[in-house]
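Next up: just one chain, as structure tokens, the form predicted alone.
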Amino acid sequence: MTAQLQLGFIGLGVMGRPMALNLMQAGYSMAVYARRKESLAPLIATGARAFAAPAALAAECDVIFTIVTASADSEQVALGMQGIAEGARAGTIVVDMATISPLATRRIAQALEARGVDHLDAPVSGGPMGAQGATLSIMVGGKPRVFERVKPLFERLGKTILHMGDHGAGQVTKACNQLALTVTLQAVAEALLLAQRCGVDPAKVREVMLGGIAASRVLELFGKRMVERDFENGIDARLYHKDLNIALDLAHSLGIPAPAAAATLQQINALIGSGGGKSDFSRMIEVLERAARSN
């Protein structure tokens, strides 16, 4: 794939905006669509062309990236009224980088392929910092030949890029990632609260843990925010609620026990119920602190 390709990007939030900018900085021409008009401004200022609907954008593009919030949003953007399917030419590639249900992914892929449009599911891990620095982990499901065509574009967005299998395999991989992430964050919050209540500096406890076998990216990033009480930056906790529900739905459908994930989901419910749904996920420690005060 060359820089002469016309790319499209739909969904210009905290992840999509820097990803689209990284592709533009690599020399690719970009068409953009977002429900919130203010999200378009940084891309337009850099030379992107804005479109009024996904269908109009799709008619002009060779490869279209989407990264919206939930399964229903991905289906609407791809298959709904004025969606990608209404405008895309045969041979166009749609790359869905949102975290959604594998079942929804397969429905979208089948519907698009019936029109001659290829599809990849390619959710990412790495958060806003990874999106800005083009260091994301990208887990991809879909046909190997399509993956190979898009791989040079993925290399402008991330460092770890793996083809995981057929349609939906990328989403299954992301569900596994989010299960491990959320349960680990719960454990980090419990550990730092325990240190605090025992009169030991949580910052020092975190520093020691980072040098041992308990070290993790979750402890490094989210643990730092817990220690510094910085809950306003990052990805909204409500999105992890969505992601963990996807993982639990998969586990339930297969009859697989996931007790730690189920308990963590209830803690996320408590965080959202207390008004923390739009704060960084590290605010989970406050749920534990409130429970500790009531004992």
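Heads up, when I say rigid core I mean the largest set of C-alphas that superpose within 1.5 Å between the two forms. The first residue of the sequence shown is number 1, and the count goes up from there. These figures come from a predicted structure and were not determined experimentally.
Form predicted together with a further copy of the same chain: not shown, discussed below.
- Of the residues given (129, 111, 221, 72), 221 alone sits with a heavy atom within 4.5 Å of a further copy of the same chain in the predicted bound form.
- Taking 270, 56, 239, 251 one by one, only a single residue has any non-hydrogen atom within 4.5 Å of a further copy of the same chain in the predicted bound form, and it is 251.
- Contact check for residue 198: a heavy atom falls within 4.5 Å of a further copy of the same chain in the predicted bound form.
- By the criterion of a heavy atom within 4.5 Å, residue 144 is excluded from the residues contacting a further copy of the same chain in the predicted bound form.
- Looking at residue 90, you'd find every heavy atom of it more than 4.5 angstroms from a further copy of the same chain in the predicted bound form.
- Contact check for residue 52: no non-hydrogen atom falls within 4.5 Å of a further copy of the same chain in the predicted bound form.
- Contact with a further copy of the same chain in the predicted bound form, judged as any non-hydrogen atom within 4.5 angstroms, is confined among 93-101, 221-229, 111-119, 79-87 to 221-229.
- For the stretch 182-214, the set of residues having any non-hydrogen atom within 4.5 angstroms of a further copy of the same chain in the predicted bound form comprises 183, 184, 186, 187, 190, 191, 193, 194, 195, 197, 198, 200, 204, 205, 208, 209, 212, 213, 214, in sequence order.
- Core-superposed comparison between this form and the one not shown: CA of residue 173 displaced by less than 2 Å.
- Remark: with the core as the superposition reference, the CA shift of residue 223 between this form and the one not shown reaches 2 Å or more.
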